[in-house]
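Encoded as structure tokens, the following chain is the form predicted on its own, with no partner shown.
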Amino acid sequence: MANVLYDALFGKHAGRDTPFLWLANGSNVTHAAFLEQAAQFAHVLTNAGLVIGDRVAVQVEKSGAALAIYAACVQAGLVFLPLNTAYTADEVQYFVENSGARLFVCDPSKADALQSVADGAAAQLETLDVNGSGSLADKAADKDAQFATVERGADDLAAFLYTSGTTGRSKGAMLSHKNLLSNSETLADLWQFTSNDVLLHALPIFHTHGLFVASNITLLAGGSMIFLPKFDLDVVIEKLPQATTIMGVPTFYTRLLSDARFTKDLTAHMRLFVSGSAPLLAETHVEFEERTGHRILERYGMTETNMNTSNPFDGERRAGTVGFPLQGVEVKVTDPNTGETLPNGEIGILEVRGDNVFQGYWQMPEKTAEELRDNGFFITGDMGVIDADGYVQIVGRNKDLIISGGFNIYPKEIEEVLDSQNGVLESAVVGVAHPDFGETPVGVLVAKTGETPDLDAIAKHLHDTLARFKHPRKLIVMDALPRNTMGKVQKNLLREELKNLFT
């Protein structure tokens, strides 16, 4: 038996002296050098006493060395657990303890604060900074640049990703070699990635988008990445002429469109722009195509499943949808109460099944049983609809559904109307407790720069456009919507802030 994920993504590049990572300073790391560093890290991990199946928790800034820890874990048969760099020590403590991590890697600047976290979990603490320095690198410096790859099969675990859930404790999604590889193979084929591609990578690598989509696809195709620490508008515009593709969140594209330097000439050589992790406004689609001649390709995925659907590479990329189910992935819409499959055109809960679907939640059999059916379908919690042409549209999260006076209200339907109004950059609609209706919709608006939305005119338009029970009881203008690291609007924070509005 081979090592399924390592052989497909990493091992085939051994000795290859072409660039894999182009760093912000213009230097590069070859495929061969990257794998040699990964092998040295693998020696450090195993010398620390870690054995097959042990977890390695990592909370470090994005760097080539940080990505090499992922490769080292795969090669040594360990389970890689990347953690959001914004997490506090208290939050990190839960993840390290819950996962049972045997080793925890953090930034040297946080070592003192996190030593107690490692001690409490009986985990060894190592450090690594954005420049690739730290105790882990020091210990790796004299290690052999070759490591005997550990055998791992398709169903063996490769990684944990903790969900960014807004209720209760985050759940550790267990992802196997098959889960990660099958998804990468499908997407690389669909999006036509080759060794000639240069991906402009400005995403974090503690999330499935930047790690298991962007990085894995590039490795599989044998391409290279311009590996930026974060999205910096000036740097992205400077580096764009060297790239062929970019994967981003909607904020990337709105920021690019805000800059006059972002032109059709600047993007003429580009092959593909992909967006995900949060909905892309139809207005952004239109403006982007008018400005560049390119149509953004939007797709849909989750922590537990990686990617599920994608708009076509060849064919109509339809704004407001996330395209079709990927090859080998089944998607259906079900009644949230009965679980029965609904016909196209009806709104319900999206369920997905395929080799991309995770193995379950770590040490949470009850939660796994609630969300992963015996027949392999995962209940995503996303409300959606499949149209007559087969395109999937996300309506919102099930928990965001508003039930007002007995009527079901889907926030996205109202948000689409609000987003189209003069002076409105974007909106979010949430359910707020109401003494008469149980809860009622409230619209939160963000104004376009230099403009002031006419709330009376917007209210009248809503009155003329939507049934009365869908009308927001109140419209509120805020400077910005609260978002998580990947750009998703945190409606739970809005609900908490507005909870006493009518009481």
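All residue numbers are counted from 1 along the displayed sequence. Predicted model only: the values in this text are computed from it and were never measured.
The protein also exists as the form predicted in complex with adenosine monophosphate (AMP); that form is not presented, and the subsequent description refers to it.
- A residue is said to contact a partner when one of its heavy atoms sits within 4.5 Å of a partner heavy atom; residue 415 fails this definition for adenosine monophosphate (AMP) in the predicted complex, lying far away.
- Contact annotation: residue 278 falls within 4.5 Å of adenosine monophosphate (AMP) in the predicted complex, judged by heavy atom distances.
- By the criterion of a heavy atom within 4.5 Å, residue 143 is excluded from the residues contacting adenosine monophosphate (AMP) in the predicted complex.
- At a distance threshold of 4.5 angstroms between non-hydrogen atoms, residue 351 is out of contact with adenosine monophosphate (AMP) in the predicted complex.
- Exactly one of the stretches 95-103, 219-227, 402-410, 331-339 approaches adenosine monophosphate (AMP) in the predicted complex with heavy atoms within 4.5 Å, and it is 402-410.
- Only one of 236, 302, 274, 432 comes within 4.5 Å of adenosine monophosphate (AMP) in the predicted complex through a heavy atom, and that residue is 302.
- Contact with adenosine monophosphate (AMP) in the predicted complex, defined as a heavy atom within 4.5 Å, holds for exactly one of 371, 156, 298, 426, namely 298.
- Residues of 482-500 that come within 4.5 Å of adenosine monophosphate (AMP) in the predicted complex, judged by any heavy atom, do not exist; none qualify.
- Compared with the form shown, the residue 410-residue 391 C-alpha separation increases in the predicted complex, the change being 3 Å or greater.
- Shown here is a form in which the CA atoms of residue 407 and residue 281 lie at least 3 Å farther apart than they do in the predicted complex.
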